[in-house]
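First comes one chain, alone, set out as structure tokens in the form predicted on its own.
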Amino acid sequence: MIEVRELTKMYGSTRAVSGLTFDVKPGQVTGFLGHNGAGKSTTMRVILGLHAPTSGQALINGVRKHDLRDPMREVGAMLDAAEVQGGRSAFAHLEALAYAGGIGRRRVVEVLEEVGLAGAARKRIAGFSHGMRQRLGIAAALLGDPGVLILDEPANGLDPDGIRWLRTLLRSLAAEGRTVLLSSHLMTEMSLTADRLIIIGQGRLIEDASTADLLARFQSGVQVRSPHAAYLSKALRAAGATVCPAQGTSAGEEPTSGRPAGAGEELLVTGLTRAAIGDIALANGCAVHELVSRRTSLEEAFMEITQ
């Protein structure tokens, strides 16, 4: 478990983190979100003991990182996959880390296989692609088989197959009861991977909620397509709904979405359920060709929250 309590970090007169408090619990993937400069990397570095807090504390399993008895077996991290010696092979790089942590060579072979680098184990890191370096960084984080993982932008440079592999890996690790803190700017992937989201801005906590609960708060209505859009709009407004055109059409005008005119115009309706909209359409003799809840994406919710 990771505990951050009233954490503040100053760099001279610059306040990077200000009174930040949150928990990262085992058994779930926790997404750590914020714009560039929000304080995410600083917070992670303080948690890992790379920077000292100005005030407050950051604990891993109840103690500071420096006080862990067997740090490589308790916490694994990847903050910058580029920070490796390019002249070494992948195997030699991990072997050196394993030796420093009292970990056997067999584990090096295991993690190389786990991240898909077994075939490149003896190749020099200088010749690795960005995605291969990311996989190597993840392998280093997994080397001690730790119960806590902290990963900063691990999906950068991965192809679609690699991103899917990473999602499966992180969710399986969380299912084993591990604590996973994941920072990423890939909002779609974060919405598929993270069980919980911590959002910060200007070093302060903005949101700490489950992904499902956060997205539920930003539902943006029901999308309706009907050849009787203008008449249906009036009936829905009379019932108390808010109605606006969707995809650039205006009720009563020809649609501009590329569909033939007979396909119907699209409306975005808030304030009524799908069932209520369907009942009103039936009562007023309006055909409905589409009636679906429009889900707000995590990117849209994030932008609204951080404004």
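Predicted model, so just to flag it, every value in this text is computed and none were measured. Residue numbers run from 1 along the displayed sequence.
Form predicted in complex with a small molecule: not shown, discussed below.
The contact residue chosen from A38, A281, A241, I60 relative to the small molecule in the predicted complex is A38, the criterion being a non-hydrogen atom within 4.5 angstroms. Across the options 267 to 275, 40 to 48, 63 to 71, 22 to 30, residues that bring heavy atoms within 4.5 Å of the small molecule in the predicted complex belong to 40 to 48. Although the partner is absent here, S293 sits far enough away that none of its heavy atoms falls within 4.5 Å of the small molecule in the predicted complex.
Using a 4.5 angstroms limit between non-hydrogen atoms, L298 is distant from the small molecule in the predicted complex. In the predicted complex, the small molecule lies farther than 4.5 Å from every heavy atom of C286.
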